[in-house]
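The form predicted alone is given below as one chain in structure tokens.
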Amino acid sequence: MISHVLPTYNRAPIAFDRGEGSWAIATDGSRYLDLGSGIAVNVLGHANPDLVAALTAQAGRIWHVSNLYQIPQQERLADLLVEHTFADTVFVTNSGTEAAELAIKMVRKYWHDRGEDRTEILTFEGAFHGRSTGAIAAAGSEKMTKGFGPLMPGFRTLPWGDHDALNAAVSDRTAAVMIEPVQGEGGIRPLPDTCLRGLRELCDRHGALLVLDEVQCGMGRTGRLFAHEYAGIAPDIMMVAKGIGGGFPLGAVLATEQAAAGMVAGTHGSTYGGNPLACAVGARVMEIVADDAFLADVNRKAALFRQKLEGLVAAHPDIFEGVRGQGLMLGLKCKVAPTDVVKAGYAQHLLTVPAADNALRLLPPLNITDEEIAEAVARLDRAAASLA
């Protein structure tokens, strides 16, 4: 008999009742050090007092109104995103998948309104842009697309890191290139800054739009507010979600005025997108995470964490191959199945996340303490020892 919850996940036999900062507390009272953060979502940890206060204050006033009306909280969030990024305009969604769908529509509408037949969007192997039919078509992964055809046409998936393939594929008929500056689901694979700069130049040369997916690597995760800032470039369109809500469902599409020119009244909408509750929380997240001192501390903690992880790899050469990633978006390349390390972590009351390319994802809250970093590595050490 099918379960009452559709069985699309292989869930661990753990249920959590509450959380405190970097700790998730199970229904039996056990405390787990959370290096998954809901897959890069809880950037300020569990039950963060600032976010609880923002949500509670808004919940006592008004929860939801239609986008038929002005929503001051949405305007506040959009103002903050425009102030701190390349963008001129913002559309607020509920998730990263919804953001991806709008980004695709925005690209197509841009070229349609210019009277040019440019519909092909170039993407890359290992990408993850969500699980809608459009998003899985964009990623081109056989694992995600099998059984769900026919898929949305107009995408061409290229090998990750193959410059020759990219240069051969981009032409004056390319509508856009869509890429994650750091692949998350693909195994914590950063795109080198030189490559991202080259990609911007390539798009400019052919008139194509550059779409960045910073759903997982954005919102301070890499030590900058957004990962592409390291390369000193700006996209035309960017998808944001996960960390922007600090745990509350929230996403956004950021764009330049030119890229968004085709999205006029009636071309897109969302019943819940931009609701006062979500935007009140998102604005508070932005106020905290966009602060230079906060981001500097993320970088300091990232250096400390990485140093300790390098020692862990050296201590367990049969389990781990190396460390990769940027900021507090780190991955351990494993020599064993990463799911084995995840399960061994459960025994140590440690939460981690597996990824492709035999990688284990470490995505702690950005305000994790130095002591918690040391404790996390100690628990990883015991988990690895149990596998040896």
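Computed from a prediction, not measured in an experiment: that's the story for all the values here. Each residue number is its position in the shown sequence, starting from 1.
Below, we refer to the form predicted in complex with a small molecule, which is not included among the displayed structures.
Exactly one of 95, 85, 157, 256 has a non-hydrogen atom within 4.5 Å of the small molecule in the model of the complex; which residue is it? That would be 95.
In the model of the complex, is there a heavy atom of the small molecule that lies within 4.5 Å of any heavy atom of residue 91, even though the partner is absent here? Although the small molecule is absent here, residue 91 would stay clear of it in the model of the complex, with no heavy atoms inside 4.5 Å.
Using heavy atoms and a 4.5 Å limit, would one call residue 215 a contact residue for the small molecule in the model of the complex? Looking in the model of the complex, residue contacts with the small molecule include residue 215, since a heavy atom lies within 4.5 Å.
Might residue 228 be said to contact the small molecule in the model of the complex, defining contact as any heavy atom within 4.5 Å? Although the small molecule is absent here, residue 228 would stay clear of it in the model of the complex, with no heavy atoms inside 4.5 Å.
Is residue 236 part of the interface with the small molecule in the model of the complex - any heavy atom within 4.5 Å? Residue-level check for residue 236: no, no contact with the small molecule.
Just to confirm the contact call: exactly one of 149 to 157, 256 to 264, 95 to 103, 115 to 123 touches the small molecule in the model of the complex at a 4.5 Å heavy atom cutoff, so which is it? Selected range: 95 to 103.
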